[in-house]
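Only one chain is given next, in structure tokens, and it is the form predicted on its own.
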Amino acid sequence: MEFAELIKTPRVDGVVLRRPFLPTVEGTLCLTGHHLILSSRQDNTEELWLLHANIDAIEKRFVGSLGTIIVKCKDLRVIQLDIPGMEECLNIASSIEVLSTLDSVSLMYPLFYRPMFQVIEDGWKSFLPEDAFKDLESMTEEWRLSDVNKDYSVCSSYPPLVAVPKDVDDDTLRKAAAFRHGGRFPVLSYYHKKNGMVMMRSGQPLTGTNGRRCKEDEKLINATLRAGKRGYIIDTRTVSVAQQAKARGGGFESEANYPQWRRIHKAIERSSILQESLIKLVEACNDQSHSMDRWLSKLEASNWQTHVKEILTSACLAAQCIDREGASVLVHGTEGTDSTLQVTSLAQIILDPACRTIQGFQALVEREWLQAGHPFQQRCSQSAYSNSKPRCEAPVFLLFLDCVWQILRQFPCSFQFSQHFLVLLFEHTYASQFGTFMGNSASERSKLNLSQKTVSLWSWVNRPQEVERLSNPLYEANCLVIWPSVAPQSLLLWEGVFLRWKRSSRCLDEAYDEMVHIIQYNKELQNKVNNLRRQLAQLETEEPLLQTP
């Protein structure tokens, strides 16, 4: 299929563009296979280049022969296009609707994108499991890298290489995989260098109503325990949901079969509820007609902050078990691809200072989300404005980023990156020129050969000028565990995402620039002080020599 067949009117002159916090622009609107472009001959006006993949929904309005298209984007931006001529407006609108909902992977923009920047570092090779395992090997000899899933036949959502206990052979792993939802047998997520405790993740066990058991699964997770130690299983479902799962062939680990493990249920809502919550939250943020009380009431009714609190509480519990209780942890919900990953990745932010650096955070996203099988393409195909009935969409990763922002705000000097990095990741999960978040698993990305056909987002992020832009000027390396507060008064609405198109950030930007200037000036003064101290020390050593007759 050719893109030209889908574009009824490729160009319209005299179109007026209205955007938040930017002057109105009149110019020529062009539709290409992947972009909506508006350019103007006016001086000092910024062109609009909007990916069709970023368009969540459109609305059409007509006053006489003038048509208006309201474009609602997945990054929560809303722009308005005033188009002269009803036929042109209808043609543009129908073309946008088709081009923004193309399901064919072969037509997606990352496969057509050619970078205008020099690729210094190939992001596809930056965070390989083999490299991460070398770090683990330097700390312990109790684990090995298994290629049991090298052809993705044991578990379609796992990567080809996984870290497992050294004493457990591949045959045992295959049998354990048959006992876990989606073949997601327990694998290593994190090793805590301080005390040697570990965090694992998996899918739910397939115990069913008959209480089926699997000796190989029991052997696998018991192999992670030290002599005389107990472990914790954190189930991200309520007790009743876990009980109901038995009727569908799922279930949970019984204490009779896993006596060394204590099961704790820390409920995190399932994906369909989270999508509804995002829609209500964005609706509340866009509604500026109400009083403060009414607005706060709508904000509370969205339950977004409640979900943030639940996820952070579960992550803190996992971190507490590992660091303070000195116990290993297994985390799972049902599939093990959503709430499980929120908990394991946030626990690592709390425990591991390396995850709070720009490179370390990329490695975390790569390891705990992309390689761990979070279905990005399904979850992020629609955002908060779409008129289509949600299928598998859910802001699971956005909630994780929100939780990271909450911790960053509470510990502003402990993160090498600023919120700009988190916002950038949010934007690229929903619409991107890079292939990083395409597909739903490592298996799908491998079949599409994305590492050869597309550019990695990490190739862009790791350029020196971009690292500088995303860096936090307040950063001071902190090797300690950081414990975030989950009290209601400690958790705020993430304005940088949810209100950035509603409230001008000019004052905040000016304050930020002033802060950077003060920090730079402070460094210069500190350097002067150090130089003067060196000169003074030198003079003091020279003075006795001068006094000698």
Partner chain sequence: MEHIRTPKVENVRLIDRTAPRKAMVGTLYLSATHTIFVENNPETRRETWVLHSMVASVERPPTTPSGSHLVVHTKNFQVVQLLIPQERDAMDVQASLARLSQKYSELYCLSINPNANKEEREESWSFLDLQADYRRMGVPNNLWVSTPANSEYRVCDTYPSELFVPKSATPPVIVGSSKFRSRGRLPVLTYFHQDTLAAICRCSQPLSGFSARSQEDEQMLEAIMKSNPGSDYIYVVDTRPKLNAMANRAAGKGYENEDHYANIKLQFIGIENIHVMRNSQQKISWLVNLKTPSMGDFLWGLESSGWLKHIKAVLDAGVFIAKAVAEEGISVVVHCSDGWDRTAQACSVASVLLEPYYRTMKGLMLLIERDWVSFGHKFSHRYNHLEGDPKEVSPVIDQFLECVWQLSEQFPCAFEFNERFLVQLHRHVYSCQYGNFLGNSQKERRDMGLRERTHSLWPQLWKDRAQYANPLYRADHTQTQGMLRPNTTPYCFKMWKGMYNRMEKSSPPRQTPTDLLTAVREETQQLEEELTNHQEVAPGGTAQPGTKQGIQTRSRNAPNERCSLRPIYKFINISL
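Superpose the two forms; the largest set of C-alphas matching within 1.5 Å is the rigid core. Positions refer to the first chain, counted from 1. Values in this document were obtained by computation on a predicted structure and should not be read as measured data.
Note that the form predicted together with its partner chain isn't included here; everything after this is about it.
The contact with its partner chain in the predicted complex, taken as any heavy atom within 4.5 Å, belongs to 481 out of 70, 481, 37, 66. Note on contacts: among 248, 125, 391, 290, the single residue with a heavy atom within 4.5 Å of its partner chain in the predicted complex is 290. Within 4.5 Å of some heavy atom of its partner chain in the predicted complex lies at least one heavy atom of residue 502. In the predicted complex, its partner chain sits within 4.5 Å of a heavy atom belonging to residue 309. In the predicted complex, no heavy atom of residue 13 sits within 4.5 Å of its partner chain. Using a 4.5 Å cutoff between non-hydrogen atoms, residue 476 counts as a contact of its partner chain in the predicted complex.
Here the chain stands alone, but in the predicted complex its contact with its partner chain, taken as any heavy atom within 4.5 Å, falls in 410 to 418 among 167 to 175, 239 to 247, 410 to 418, 459 to 467. In the predicted complex, 297, 299, 300, 305, 306, 309 are the residues of 297 to 320 with at least one heavy atom within 4.5 Å of its partner chain, listed from first to last. With the core held fixed, residue 521 shows a CA shift of 2 Å or greater between this form and the one not shown. With the core held fixed, the Cα of residue 537 is displaced between this form and the one not shown by 2 Å or more.
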